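A single chain, nothing else alongside it, follows as structure tokens in the form predicted on its own.
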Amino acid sequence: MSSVSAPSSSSAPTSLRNAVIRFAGNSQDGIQSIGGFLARLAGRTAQEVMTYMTIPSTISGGPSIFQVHLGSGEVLHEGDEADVLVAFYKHSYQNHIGSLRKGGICFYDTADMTAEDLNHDRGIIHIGVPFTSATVEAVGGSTRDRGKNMFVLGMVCAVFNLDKEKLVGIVSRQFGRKDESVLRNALLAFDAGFAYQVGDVEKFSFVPGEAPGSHRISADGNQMMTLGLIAAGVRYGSAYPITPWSSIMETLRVELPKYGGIYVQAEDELAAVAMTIGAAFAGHLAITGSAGPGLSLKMEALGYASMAEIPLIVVNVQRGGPSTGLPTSVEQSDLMQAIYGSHGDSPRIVLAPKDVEDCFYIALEAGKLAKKYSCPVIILSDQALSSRIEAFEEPDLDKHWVEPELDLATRPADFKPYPLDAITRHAPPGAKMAGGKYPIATGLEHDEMGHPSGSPKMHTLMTAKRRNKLVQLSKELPLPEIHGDTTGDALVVGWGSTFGPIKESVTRMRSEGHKVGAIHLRHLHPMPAGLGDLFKQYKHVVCVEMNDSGLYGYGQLATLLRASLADPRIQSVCKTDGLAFRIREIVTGVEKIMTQA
């Protein structure tokens, strides 16, 4: 918690630039709602926000946290340490008191803890508050386990001098759609928390937010990915539910019929990808999606899509693996599967968004690339992005909206669906063929007309055709922007949701005197040409990624880069604990590599 001024009197609040608040309880306590309300408030007050949550792999029940990093300037990570801990239970306190910084503030529910349970090390300020009994007293009835989250929200609003009017408006819009008694009880609990006197604890107030833009919104990555897909012109597809992908599927299922499309929940992953390929062959921009286990099941059909050069989008919201693994934790271990998972040589494009806002724009780009290069495009999101809430300027839909048009124009007599000297352009069923013959799409190797072919020469030529369009894309891609020094001791390379922590880490290392830069790869397959020359400007190249360093000591991205560039300076900082990178983990890892000869 960084302050910009000390209180001028005992009653004046301390001005803050940022603060990290961790709510620890059980998943049914509504702590996610508290964080969601605070994040939405940030979006309406020009402040920045990044949230972080954990829920048990059993999804329902069990310990859970929701952490909110609020800031008046740029917020790039969820916070290494909490400034304030709100513990709903004794086990919440015991499990998370270590995450509170030295001298931090801990609010705990006196219904579940006594003074004897407290650990007074590190100068932590403990404040007992009767969350449960005060809520019951305010609301009445059998509300012991309902509404105390709103009491806590009101208390936090008072402690941090947040905009109560806007916050109540957000709460009212959320609960106003339910029974009248729900909103009434929520506001009674909120007001009780707001009015509760927490004692001599210091009060705080954020300095005005600095985020530009007048039309800001707060959303999570899955929401923005869904909106981006619709804006890109996606109208058809199919999928099977799996955490953390499911909310994209559910929203598409509700929204696409409003735009003349349809989204089908299939009986399994195989049917889902097959239906999506069918929609794409029919001339529509279509999408399927899943998490890692589901992507594995789709791989055979994606091989067909590569062979038949069918344009479609596949979203993989990565989680910890393998198998059912850590379904509610984050990992970046599906990169190799996304690129090489199918049998045979099955070239496809692989992209990764850097933050929640980018989930919208990468969906737009995936739609454009799928149509331009007539091949599958896989978007690698991850669990952190899927559930993280950030605030940003609302995308300009008028500027980006793609209205899909089915191309049923007459194909000329010499039309070839698979020309060796050009990129494939399919003729959807219903298009008039001047030559009188409809093209064939098959998983067998084929000639330029799509007819099955066992010719060794044709297989060689068609394999090169499918490969070379990605080679061409590689040459067209711009080199990623460098944050920090353009030459120096180390270049930190990342992809996906590590963007913010890497950028913050590099800023911190530069402030300590290191000459360090960072790039973030949005295009993972193919990568931009020219990376090798960029790497030569640094003594060390450090890939930071959330996967295992494997048998040979390198993460998946580092392995790809070493294989393509044969550059021994490329090394790895990896982790596999199912948690997002902390700043100190990246800084420590990079500094350790920089000390090597």
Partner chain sequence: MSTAIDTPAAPATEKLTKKALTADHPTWCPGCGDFAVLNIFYRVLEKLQYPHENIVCVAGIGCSSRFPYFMNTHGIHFIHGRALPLATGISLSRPDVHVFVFGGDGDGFSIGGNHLNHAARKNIKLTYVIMDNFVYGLTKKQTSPTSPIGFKSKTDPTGSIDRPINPMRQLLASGATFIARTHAAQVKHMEAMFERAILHDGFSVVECLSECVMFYSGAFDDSTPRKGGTYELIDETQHDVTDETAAFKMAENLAPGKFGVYYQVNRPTKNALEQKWIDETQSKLGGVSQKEILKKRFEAMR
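Bear in mind the structure is a predicted one, so any value in this text is a computation, not a measurement. Numbering follows the first chain given and starts at 1.
Same protein, other form: the form predicted in complex with the partner chain, not shown, and the subject of what follows.
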Exercise. Please pick, from Glu476, Glu202, Asp345, Glu394, the one residue with any non-hydrogen atom lying within 4.5 angstroms of the partner chain in the model of the complex.
Key: Glu394
Quiz prompt | the partner chain: the contacting residue among Phe175, Tyr196, Phe160, Tyr304 in the model of the complex [heavy atom, 4.5 Å] | solution = Tyr304
Quiz prompt | Residue contact check: Thr410 to the partner chain in the model of the complex, 4.5 Å heavy atom | solution = yes
Quiz item: Does the partner chain come within 4.5 Å of any heavy atom of Arg235 in the model of the complex?
Solution: yes
Quiz item: For Trp401, is any heavy atom within 4.5 Å of the partner chain in the model of the complex, or not?
Solution: yes
Quiz item: At the 4.5 Å heavy atom threshold, is Asp191 in contact with the partner chain in the model of the complex?
Solution: no
Self-check item: Stretch from 313-321, 263-271, 128-136, 482-490 whose residues place a heavy atom within 4.5 Å of the partner chain in the model of the complex
Solution: 263-271
Self-check item: Members of 252-287 lying within 4.5 angstroms of the partner chain, judged by heavy atom, in the model of the complex
Solution: Arg253, Val254, Glu255, Pro257, Lys258, Tyr259, Gly260, Gly261, Ile262, Val264, Gln265, Ala266, Glu267, Asp268, Leu270, Ala271, Ala274, Met275, Ile277, Gly278, Ala279, Phe281, Ala282, His284
